[in-house]
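A single chain, nothing else alongside it, follows as structure tokens in the form predicted on its own.
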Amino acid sequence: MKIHFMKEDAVAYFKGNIKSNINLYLNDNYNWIEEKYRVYNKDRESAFGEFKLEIPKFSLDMSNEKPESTDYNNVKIFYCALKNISDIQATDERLWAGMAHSDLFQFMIYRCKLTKENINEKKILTNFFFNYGKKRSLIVHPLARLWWVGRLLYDEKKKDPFEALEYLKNDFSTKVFSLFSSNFTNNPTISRAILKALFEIELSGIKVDRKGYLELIRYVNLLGGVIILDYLSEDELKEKIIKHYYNINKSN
């Protein structure tokens, strides 16, 4: 299947005209995007361009009344479908704005829980475009977030390439924001080691609460100031994290 990006001029146009278009985001389809843009540019071109890479056909999970609970499954679906795009392409607002306004428009309405009662300019700006610096926007934008979580946790060497994703199965958004706000988020090995350590701890019957989770992220950040984490294998770092957790929780 083909996916679409939004042309730079179209991004600027729709980003600057959210207020006048806001109720159209509740439509069942995105035909209005092309209609509005043709009026704006006098029928010269489409608002979208076709992404050159052929993508395997996929459908995102929209089965739960709580859309956030589908993120875990959708990371797997979405990243596997788009794993051949480059990191540079995956940091481009035009790609995510394009898919949000076309190929995955219905999913966006579902995931953002858009209703007449809650729709507002900031909600559209934040979810359909980039509203912050690039790093934060990649985690805030619902589609970019799915892809980048997959990008940093996917390990093709494992029988289950998404093994590290298991710890994020519950309370996905909160855990993702905490993890990807850290200094090491561009290193898949470190990110996977942390999540695998946490999952292994929980498999032993211990529930790692939010305080414990943040403490381990803090530990890895501090550890990175003492040793070069890149020199450690994923398993070596995972064992250090597990050992640290049990050391600080001996009295509990």
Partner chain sequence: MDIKYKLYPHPVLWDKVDDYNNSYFDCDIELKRDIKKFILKVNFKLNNKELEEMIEKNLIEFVLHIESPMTSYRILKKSLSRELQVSLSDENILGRISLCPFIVAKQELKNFYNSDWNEDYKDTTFEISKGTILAIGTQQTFTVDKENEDLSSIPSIFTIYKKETTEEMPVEVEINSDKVRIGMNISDYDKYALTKYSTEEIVNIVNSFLIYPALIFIFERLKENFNEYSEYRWFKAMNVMLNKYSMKLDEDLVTSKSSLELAQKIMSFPVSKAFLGIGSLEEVEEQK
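Positions refer to the first chain, counted from 1. The model shown is predicted, which means the values in this text are computed figures rather than measured ones.
Same protein, other form: the form predicted together with the partner chain, not shown, and the subject of what follows.
Participant: Could you tell me if residue 184 has a non-hydrogen atom within 4.5 Å of the partner chain in the model of the complex?
Facilitator: Judged by the heavy-atom cut-off of 4.5 Å, residue 184 is in contact with the partner chain in the model of the complex.
Participant: Do residue 11 and the partner chain come within 4.5 Å of each other in the model of the complex, heavy atoms counted?
Facilitator: Answer yes; at least one heavy atom of residue 11 falls within 4.5 Å of the partner chain in the model of the complex.
Participant: Please tell me whether any heavy atom belonging to residue 71 falls inside 4.5 Å of a heavy atom of the partner chain, as the geometry stands in the model of the complex.
Facilitator: No, no contact at 4.5 Å.
Participant: May I ask you to state whether residue 193 is within 4.5 Å of the partner chain in the model of the complex, using heavy atom distances?
Facilitator: Output for residue 193 is no: heavy atoms all beyond 4.5 Å of the partner chain.
Participant: So the partner chain isn't shown here. In the model of the complex, which residue out of 110, 162, 132, 177 has a non-hydrogen atom within 4.5 Å of it?
Facilitator: Partner contact (heavy atom, 4.5 Å) among the options: 132.
Participant: Assess the spot marked by 46, 118 and 212: is the partner chain within 4.5 Å of a heavy atom from every one of these residues in the model of the complex?
Facilitator: No: no residue has a heavy atom within 4.5 Å of the partner.
Participant: Residues in which of 22-30, 60-68, 203-211, 184-192 have heavy atoms within 4.5 Å of the partner chain in the model of the complex?
Facilitator: Within 4.5 Å of the partner lies stretch 184-192.
Participant: For the heavy atom contacts within 4.5 Å of the partner chain in the model of the complex, list the residues of 88-103 involved, in sequence order.
Facilitator: The stretch touches the partner through 88, 91, 92, 93, 94.
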